[in-house]
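Shown next as structure tokens: one chain only, the form predicted on its own.
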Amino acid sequence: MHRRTNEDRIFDFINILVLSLIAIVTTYPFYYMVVISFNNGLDSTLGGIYFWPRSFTLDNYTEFLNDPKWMQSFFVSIARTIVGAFITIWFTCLAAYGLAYKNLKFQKLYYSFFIIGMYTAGGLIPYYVVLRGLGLLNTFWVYVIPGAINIFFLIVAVSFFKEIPAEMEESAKMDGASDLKIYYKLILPVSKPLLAAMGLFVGVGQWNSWLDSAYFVNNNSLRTLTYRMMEIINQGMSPLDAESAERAAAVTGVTTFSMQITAMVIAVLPILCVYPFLQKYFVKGIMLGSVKG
């Protein structure tokens, strides 16, 4: 049995100290936002709040929940995250499985089309014209259809599917299974790490995206939560809006800043709830797909 020396103890102490400092530095900003969200907005403007609310209140969350614009944007963000992640995983994995098929004719030609598409882009105006031609502007589908195939994850998925032993598919074919049955009943069940990794990354991307809501949507009922956050930040910079917000804050105690912080906390909560359940999969999924990529 290895006997611990003084050098080992000093190394462990420094290691724990450094990791603890990193943990505090990375988690304290979010903790600070939670504290501010539970503090009276006018009181927060005085400063001096660090570890717990000085004037505890739920008014910020009540104001958020009672505002139909925030709640509608919240549900739009949830819908685009769920539907967008599902559609992206579905089409990306289906295309990747076809490209990973070893007997596919012109396999390199098809693969090159995706690679070229990944490195080239027409720019914002041609992209806007294409979306208008497809009738996607001012619709919910503008959030999910343009990203139906994620080329980065397609490359990862192709490598992942190629690592699955061919004997599994051959034995299934000998039992009379079709290609689609093999894909849905055999390939997808053993690809949970890949699916979880894709779901997490694509879901977070959908949840945080606001540019498409700003550029391609004019319908207020389709605005996302992150767009509303950007909107309220811009309102705080406008002198007229800031003045009217101050008058409202004098009555309700809810300021523009406290609403921004509350919206940020609510926006982060769904990701924090999902992440622990997928964390054990996504590192393994990405590594398995990238070893021979």
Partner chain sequence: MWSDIKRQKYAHMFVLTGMLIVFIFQYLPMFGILMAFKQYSITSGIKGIFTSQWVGLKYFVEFFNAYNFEQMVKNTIGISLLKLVFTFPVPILLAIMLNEVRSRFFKRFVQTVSYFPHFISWIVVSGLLVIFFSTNSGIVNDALLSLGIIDEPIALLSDPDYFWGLAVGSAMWKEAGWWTIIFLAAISGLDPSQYEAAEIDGAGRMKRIWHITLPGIRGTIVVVLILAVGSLLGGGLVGSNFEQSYLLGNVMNNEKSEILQTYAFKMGLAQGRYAFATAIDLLQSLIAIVLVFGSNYISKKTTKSGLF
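Residue numbers count along the first chain shown, from 1. The shown structure was predicted, so the numbers you read here are calculated from the model rather than taken from an experiment.
The same protein also exists as the form predicted in complex with its partner chain; that form is not shown, yet it is the one meant from here on.
Taking non-hydrogen atoms only, residue 218 never approaches its partner chain to within 4.5 angstroms in the predicted bound form. Looking at residue 26, you'd find a heavy atom of it within 4.5 angstroms of its partner chain in the predicted bound form. At the 4.5 Å threshold, heavy atoms of residue 179 reach its partner chain in the predicted bound form.
Its partner chain is not shown here, and in the predicted bound form it never comes within 4.5 Å of any heavy atom of residue 199. Note on the interface: of 185-193, 159-167, 74-82, 97-105, the segment with non-hydrogen atoms within 4.5 angstroms of its partner chain in the predicted bound form is 97-105. Contacts with its partner chain in the predicted bound form, taken as any heavy atom within 4.5 Å, map within 26-64 to 26, 27, 28, 29, 30, 32, 33, 44, 45, 46, 47, 48, 49, 50.
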